[in-house]
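Single chain ahead, by itself, as structure tokens, in the form predicted alone.
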């Protein structure tokens, strides 16, 4: 199967190199920006790919929604199988791409869009065909996990941890999507769609680590906690799904506490299979490229789709997800949340453990406080 590649950046180079050595696969043309064609395998127009009858499949590793979506639809309509690592594209346009691919009789796979080299979506799609999936989630962003690990293991402050992540290539020059939780949120959107056939487009909530301080880390570590940024999705008995991202404080015995550096830990729970967890590199040239090749190989073996045929855009409802929170906020705002216990009081700032509140209400409360100019940090508390 000849594979064209859209994009020749970090991941694109890895995909092209791996295609040259892959069984049953061979590299085709590579789409680059105009003016960047410097070898005979590169082209600058999508027409050179969709109009090439020797190309069987297209692997998109450009990123962003446009022009990736336009190129994806052109490839699918031309009868090419389509594989992508682009989480933003699938989160925004996945239902439309799924429908178009099925109508065209081609394959649409995207396991590299969540977890990098960790095969969470690949295995989740298979499990969902024979088991009832109860929940999905985990540590799905390697950048923030690296930063949290550095802040907690070496005492670095937020700025220094971010700088180191950028120097090592774990964080982009603009790290907003990572540190705000948006990147992880897009991944949990895909997991929900694979598990339950609903790609949530509204009602989603994400809290990142950009409000975390070294003082916060020192305090909760003294209390025996480790912080991880965790994505969560769950389906209720009435069919509603929750989907959100937030910092979570766990004890040393919890599995997430052992996930260090830039690793991911993706998980799902089946009613019959029970909890399943996978740990591995969540990003980078070769982990992500290996997932793209895994999907391409899967097409050769008869795999065609990850979303169910009837997958739809829908909404998340986080009102039923309830737990206690650790919170740091100005003392003057203490009445904003129901307090179970005051953990520390320095006169201006207090640290509290809240009573059990819904994820929806906690995120709304923090948003209101920040809108009023107040500085807060919160994290869900999970006991081992």
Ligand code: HSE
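These numbers come from a predicted model, not from an experiment. Numbering follows the first chain given and starts at 1.
What comes next is about the form predicted together with the ligand, which does not appear here.
Heavy atoms within 4.5 Å of the ligand in the predicted complex map, among the stretches 175-183, 192-200, 248-256, 293-301, onto 175-183 alone.
With a 4.5 Å cutoff on heavy atoms, residue 242 does not count as touching the ligand in the predicted complex; it lies far away.
Using a 4.5 angstroms threshold between heavy atoms, residue 87 counts as touching the ligand in the predicted complex.
A residue is said to contact a partner when one of its heavy atoms sits within 4.5 Å of a partner heavy atom; residue 91 fails this definition for the ligand in the predicted complex, lying far away. With a 4.5 Å cutoff on heavy atoms, residue 118 does not count as touching the ligand in the predicted complex; it lies far away. Among 227, 266, 101, 171, the residue placing a heavy atom within 4.5 Å of the ligand in the predicted complex is 171.
Screening 136, 83, 140, 147 for any heavy atom within 4.5 Å of the ligand in the predicted complex leaves a single hit, 140. Residue 187 is the only one in 187-216 with at least one heavy atom within 4.5 Å of the ligand in the predicted complex.
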